[in-house]
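A single chain, nothing else alongside it, follows as structure tokens in the form predicted alone.
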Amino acid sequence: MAYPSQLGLQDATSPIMEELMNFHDHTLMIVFLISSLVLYIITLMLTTKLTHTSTMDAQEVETIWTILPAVILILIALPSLRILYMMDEINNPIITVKTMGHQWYWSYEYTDYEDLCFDSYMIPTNDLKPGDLRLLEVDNRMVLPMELPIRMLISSEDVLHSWAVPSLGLKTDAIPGRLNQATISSNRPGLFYGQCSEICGSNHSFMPIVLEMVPMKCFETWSVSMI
């Protein structure tokens, strides 16, 4: 989860988020190099009183500043397309969970189990226990097994919502009348927090998401206790 005064991204928990962080660093380095080059040229032009007449109308220079941006865009586009295809790929999901957005709570249905469904509401501030996180704790956490591919089907029953968990690299719109699909795979156990990321009304800020990733044996025990 995020911490106060945090400037960077949250720690990666899934392979997709690791790829996104690497792509972020890759693109940021390109932006830094371009900015440094432009700043150097501007400084050079402002501090010199001489004018190089051969660069004012040079075919070679025009060719360079046409080809170089195209090469830079290709260096950004290829990794981006690779990650996009990785995010859409689902390899034999072991569990499918259907998530429905409401004003203003989430409901979860484990479609591989009979009668395993529940609503998840934010815990009011007055009911929080010591150590609980304000505006992030829920009464029913979604429990999932770690290190396994899980398919999420996301939709809404009223207005637009968005189901987002930053540390897993997930942000999928919940649209009424439409099922969107996402893949979850966590490298480690733990609690992972998210929130609705689409303005959906007056209580938009009170729709937290809490995922509890556990080993498969713990998940089986939890699923039996919930049925």
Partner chain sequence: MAAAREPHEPEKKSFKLLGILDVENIPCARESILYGSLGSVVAGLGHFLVTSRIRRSCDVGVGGFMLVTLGCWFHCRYNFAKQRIQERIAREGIKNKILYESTHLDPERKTASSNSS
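Just so it is clear, the structure is predicted and the values come from calculations on it, not from any experiment. Positions refer to the first chain, counted from 1.
Omitted from view is the form predicted in complex with the partner chain, to which the following refers.
Participant: Name the single residue among 67, 61, 179, 37 that comes within 4.5 Å of the partner chain in the model of the complex, judging by heavy atoms.
Facilitator: Answer to the contact question: 37.
Participant: Would residue 94 count as a contact of the partner chain in the model of the complex, using a 4.5 angstroms cut-off between non-hydrogen atoms?
Facilitator: Because no heavy atom of residue 94 falls inside 4.5 Å of the partner chain in the model of the complex, the answer is no.
Participant: Wondering, does residue 202 line up within 4.5 Å of the partner chain in the model of the complex on heavy atoms?
Facilitator: Result no; residue 202 lies far from the partner chain in the model of the complex.
Participant: Can residue 26 be called a contact residue for the partner chain in the model of the complex at 4.5 Å between heavy atoms?
Facilitator: Yes.
Participant: Would residue 221 sit within 4.5 Å of the partner chain in the model of the complex, counting heavy atoms only?
Facilitator: Result no; residue 221 lies far from the partner chain in the model of the complex.
Participant: Okay, which stretch from 154-162, 191-199, 169-177, 38-46 lines the partner chain in the model of the complex, with non-hydrogen atoms inside 4.5 Å?
Facilitator: Of the options given, it is 38-46.
Participant: Heavy atoms within 4.5 Å of the partner chain in the model of the complex is the criterion; list the residues of 139-165 that meet it.
Facilitator: Going through 139-165 in order - heavy atoms within 4.5 Å of the partner chain in the model of the complex - there is one hit, 147.
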